[in-house]
Each structure stands twice: as structure tokens, then as C-alpha cells.
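Shown here is one chain on its own, the form predicted on its own, set out as C-alpha cells.
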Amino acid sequence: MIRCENTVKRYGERTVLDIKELTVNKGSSVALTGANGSGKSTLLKIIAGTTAFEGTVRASGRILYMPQKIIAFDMSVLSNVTFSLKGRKSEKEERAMAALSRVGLKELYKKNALTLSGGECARLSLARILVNDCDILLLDEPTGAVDIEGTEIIENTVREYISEKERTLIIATHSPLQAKRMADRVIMLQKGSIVEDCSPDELLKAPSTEFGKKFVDMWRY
């Protein structure tokens, strides 16, 4: 479970996140949506423990976090996945190949990661995450620079991964349609505060705020 209470992030005098109260139950799938600068990435960073903040955040279990910025290291695709693993070389490579197979990159394991396309790099980044186990998976715009085929692979891989155990997923996305595909709950942020908290269908059919209505309408065209 994740519990946020009076969780605030400021940069100087500017408040970029102000969450009075938020609970995410174990095993649930939550999509964070909203405009650029609404606080989605900041909230993920706070839960992941990568940035300082005011207030309280409690999270039970191991957290894996995939940031929005994708990084590929100057080494083979396989080595990009194995470098952080411990154990025998054969065991590490077996785990890495299984992760690469999940994201459709198994055939490219010998290729230098710097030669991959943007979409392939996103899938590689996901493989580096999923080669490990976790209780909470945090994904920040994982398909932001990915084509339709790559988006389908990433979404299917994530759904399969979280369904294997009672894992918790929080995914930041600009798309209410992706939120519907990936989550059973949508939290919309505006200027760092929660303005919608409902099911994906409720958000798409009847947003409760004017901002929510305008945001969703932009995705109807």
C-alpha cells in the first residue's frame, strides 16, 4: 500500500505538488494524468524516493521506477540489462534474455544499445526494470516516444508482469485512453493537486470538473 499525507514539493516559492491525502491499495493499477507540469512526474519521484519533499509518504514493499528520460548505455543490449544484476554470468544472462524476450528485443541482444530507435530504447529500459522483482512498479510516460506497435508491446508486457503477482502499478500518462487500458483508477492532477479521482470510464464519460472535461475533450479529436 502507498499512503501520502500532506505531501508537498516546492521549488523556491513555487509549489509544484500539494497532495492532502492519497491512498493506493496493494495490487491496484492507477493512472496519473493531467497536462504538462501538473505534478505527475514529481509525485512518482517522491514515491520512488528520488527527490526531497515535505509531508509523509509510506510505501510497503520494493519499488521499481522507470523515469521518463530513457537512457541507453554504450554496450550491448544484453549488457544493458545484466550490468546491475548479481550472480553467475550464465544466470544473469538467462534472466536478461527472458526480460528482453518479454519486450520483443531478444533478437537484438548483441546489438549496441546506442543504435536502437527511440521506441526500442523505451522497451530496453522496461526490460532493465522487469529483470528485477518488485511490489510497486512506477512508470513515467513509458510510451511517450513510442510508435503504435511498441506501445502495444509495452502495455501488454506491463499488464502481464503486474498480473503474475499482486503488484501495484502507478503509470503517468497524458492519454485517458491509455489510462483506461492500463488502470482501474485514474487520478487527474492540475497544478499539483488532485482534481479527479475515479474509474477510467467515469473520467471519459463524465468528468466532474471543468478542467477534466476540457482535458478529455482534447482526446476526442
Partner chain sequence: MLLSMDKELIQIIGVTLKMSFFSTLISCLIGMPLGVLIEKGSFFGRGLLKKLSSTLMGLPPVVAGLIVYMLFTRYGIFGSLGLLFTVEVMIVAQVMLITPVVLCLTSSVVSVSGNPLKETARGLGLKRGRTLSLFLIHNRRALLSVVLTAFGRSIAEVGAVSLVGGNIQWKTRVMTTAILLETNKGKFTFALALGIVLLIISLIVNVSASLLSKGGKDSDKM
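Predicted, not measured: the structure shown is a model, and the values here were computed from it. Numbering follows the first chain given and starts at 1.
Below, we refer to the form predicted in complex with its partner chain, which is not included among the displayed structures.
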Whether residue 74 contacts its partner chain in the predicted bound form should be assessed with a 4.5 Å heavy atom distance threshold; does it? yes
Counting only non-hydrogen atoms and a 4.5 angstroms cut-off, does residue 102 reach its partner chain in the predicted bound form? no
Could you confirm whether residue 90 comes within 4.5 Å of its partner chain in the predicted bound form, counting heavy atoms only? no
Answer yes if any heavy atom of residue 67 is within 4.5 Å of a heavy atom of its partner chain in the predicted bound form; otherwise answer no. yes
Have a look at 36, 56, 163, 50 for me and say which one sits with a heavy atom within 4.5 Å of its partner chain in the predicted bound form. 50
Within 4.5 Å of its partner chain in the predicted bound form, do we find a heavy atom from each of 63, 84 and 114? yes
Region of this chain that lies against its partner chain in the predicted bound form, out of 42 to 50, 25 to 33, 188 to 196, 169 to 177 [heavy atom, 4.5 Å]: 42 to 50
Residues of 117 to 132 having any heavy atom within 4.5 Å of its partner chain in the predicted bound form, listed in sequence order: 121, 128, 129, 132
